[in-house]
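Read the single chain below, which is given as structure tokens and is the form predicted on its own.
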Amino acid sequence: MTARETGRSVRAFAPATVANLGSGFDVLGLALMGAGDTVTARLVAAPGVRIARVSGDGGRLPTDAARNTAGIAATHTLRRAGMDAGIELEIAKGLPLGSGLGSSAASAAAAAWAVNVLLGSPLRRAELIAPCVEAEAAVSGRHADNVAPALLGGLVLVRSMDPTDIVRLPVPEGLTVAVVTPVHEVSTREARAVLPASVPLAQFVRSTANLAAFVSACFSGDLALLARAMEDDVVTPARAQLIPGCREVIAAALAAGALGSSISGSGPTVFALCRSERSATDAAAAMCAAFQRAGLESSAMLSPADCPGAREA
């Protein structure tokens, strides 16, 4: 980078994501419309990555680039591109922390995207997944079910982490997501700690069958099959205990006509897949009411199930 380019900046946005989708623990994820994080990357003279400012986090996130997912993703993007530039980041959090909406992944994806564009886009979009996975690994474990849809958009399946192998899945027409987030926080580490270390063979077989059926339903557009495939008797029951009223919220979504409902990522957000925006509106209202009965205020948003990923803002 030349001295003349110092001060040039790129602003990028990455969306909230829903991960797991019932039967697809650490495997399935989709991007949402609306909410997300914005990161501005600026070229500076001194090599390395620094964070100038973080807003929207209530002062909770570190400004040390080595401990912030945006900083880590930016650093690994530089390394992968083989470039020794100076990068200054400004992070505007649009997602609540510990919400189950992929907050850390959104920051990482927006930073990686911004830095790559600032460098002249030497890396393809898919090549930005690895730097973001490194960022996620530092705070919540090595998985790509949030960062992959945050970068690529749409509905994705993570077939492998090493090597990275991401599969885009078709989204059935009209599929809409109702997302309800209660005023309650669940850390990713806590949500992983409650998971069973092993599962009986019969549960493994059911989970495998449901994941296969979910993928088949995406290709065929069979919403009845998709509804049956969202059953999960391993991860969801373990994490439901961390979210007051969770079981009742899921039951309320199904009673209101949702195809399926489960915990988004680590929670406490609960989502429902619905056949239309009208159905999603009904499900969201029922879910909010169920959280209210459990003593938690909540907020809802609706989104198409096929949304864009990281992009310039």
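The structure presented is a predicted model; accordingly, all values stated were derived computationally and were not measured. The first residue of the sequence shown is number 1, and the count goes up from there.
What comes next is about the form predicted together with a small molecule, which does not appear here.
Of the stretches 243-251, 46-54, 281-289, 262-270, only 262-270 has residues with a heavy atom within 4.5 Å of the small molecule in the predicted bound form.
None of R239, K93, H184, H76 but one reaches within 4.5 angstroms of the small molecule in the predicted bound form through a heavy atom, and that residue is R239. Contact with the small molecule in the predicted bound form holds for all three of N20, F25 and T188, each having a heavy atom within 4.5 Å. Under a 4.5 angstroms non-hydrogen atom cutoff, the small molecule in the predicted bound form lacks R125 among its neighbouring residues. Among heavy atoms of R206, none comes within 4.5 Å of the small molecule in the predicted bound form. The shortest heavy atom separation between N146 and the small molecule in the predicted bound form is within 4.5 Å. Though the partner is left out of this view, R80 does not reach within 4.5 Å of the small molecule in the predicted bound form, counting heavy atoms only.
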